[in-house]
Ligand SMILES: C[S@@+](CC[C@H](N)C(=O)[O-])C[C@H]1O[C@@H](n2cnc3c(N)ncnc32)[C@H](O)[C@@H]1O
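The chain below stands alone and is given in structure tokens; this is the form predicted on its own.
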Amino acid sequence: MSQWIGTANQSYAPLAIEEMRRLLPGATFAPLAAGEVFLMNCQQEREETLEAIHGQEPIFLRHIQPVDRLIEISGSAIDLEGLSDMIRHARLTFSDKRTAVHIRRSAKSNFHYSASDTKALLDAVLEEIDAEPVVQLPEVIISIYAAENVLYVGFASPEQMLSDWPGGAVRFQREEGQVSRAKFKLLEAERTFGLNYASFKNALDVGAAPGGWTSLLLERGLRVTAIDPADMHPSLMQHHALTHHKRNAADVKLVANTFDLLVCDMSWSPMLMSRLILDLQGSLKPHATAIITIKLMHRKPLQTIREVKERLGTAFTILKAKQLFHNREEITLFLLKK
């Protein structure tokens, strides 16, 4: 038996739970934050559960936290004392390790201490037991979820939790002059899929306007061919490495075997998007990478995703499908041309 806290994007927890039911027969679920955070009780032990999740990673599960300790919330300093004593008792888990503390809370929690105050206290305890408190690149994470009357606490590596951000909520700082927030989706895809955009040379950005994704690729030193009948942001138009075809993709003639990266973030139906990408495959080099968002416009998103993967699978190897934190009513696909 094992217990876990799962997190999905707002309103997508039911889909994450549906995926988990298929992976882990006999699991039961209870909501902690409506549509986003849920408690999962598994018949499988911890290692078996992790093996199932990582062997076929769910699309809609953003973050998973084991529940190793339960601490009843008193609403007083006793809560912090309980957390401190818990870390001391588990000192062998953290000693000599880079350790991060993540705190999340439900809106109705009776845990009255801020995340910053709690982290400051627990960081001091970690130093006391010869652990190294860190924010970035931890080896182990102490993840705390404050429900209404109980603290759920778990210890695991970032890889096991699927993210090194609290609850998988990846945060990027908005830059001065940033073309659009859509850039964050492509940045998160780079982290999630283990990519380095600077390793590519020629990118095709379909449905590029106003240029959020194009701007990131230009910053990384790529030559970018952007296709969109709408205008690109004025700050991009004079860039020496940008070619803008101001028309629909179906009307553009592209040279075969030209691009080693294709990106697409258009608000089209999933089937139309699939057909468009297949029509453009001839312009891609063998084994080119593609990052594509698929809009979830139908009542049966899991069925839609299966159909899209089947269609694109005729020309691409689908390496991963994931709803990223910066996705909204969509998922992101990571593909390689066959």
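Quick note: we count residues from 1 along the sequence shown, nothing fancier. Quick caveat: nothing in here was measured; it's all calculated off a predicted structure.
Missing here is the form predicted in complex with the ligand; even so, the following discussion is about that form.
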### Among the candidates 113, 155, 165, 268, the residue which, in the predicted bound form, approaches the ligand to within 4.5 Å (heavy atoms)
268
### Query
Quick one: of 182, 71, 218, 134, which gets a non-hydrogen atom within 4.5 angstroms of the ligand in the predicted bound form?
182
### Query
Thinking of 20, 35 and 57 as one candidate spot, does the ligand come within 4.5 Å of a heavy atom in every one of them in the predicted bound form?
no
### Query
Is residue 276 one of the residues lying within 4.5 Å of the ligand in the predicted bound form, judged by heavy atom distances?
yes
### Message
in the predicted bound form, does residue 142 come within 4.5 Å of the ligand, counting heavy atoms only?
### Response
no
### Query
Wondering, does residue 213 line up within 4.5 Å of the ligand in the predicted bound form on heavy atoms?
yes
### Query
Would residue 247 count as touching the ligand in the predicted bound form under a 4.5 Å heavy atom rule?
yes
### Task
Tell me the stretch among 80-88, 116-124, 204-212, 144-152 that has any heavy atom within 4.5 angstroms of the ligand in the predicted bound form.
204-212
### Query
Hey, which residues along 212-233 are within 4.5 angstroms of the ligand in the predicted bound form, non-hydrogen atoms only?
212, 213, 227, 228, 229, 230
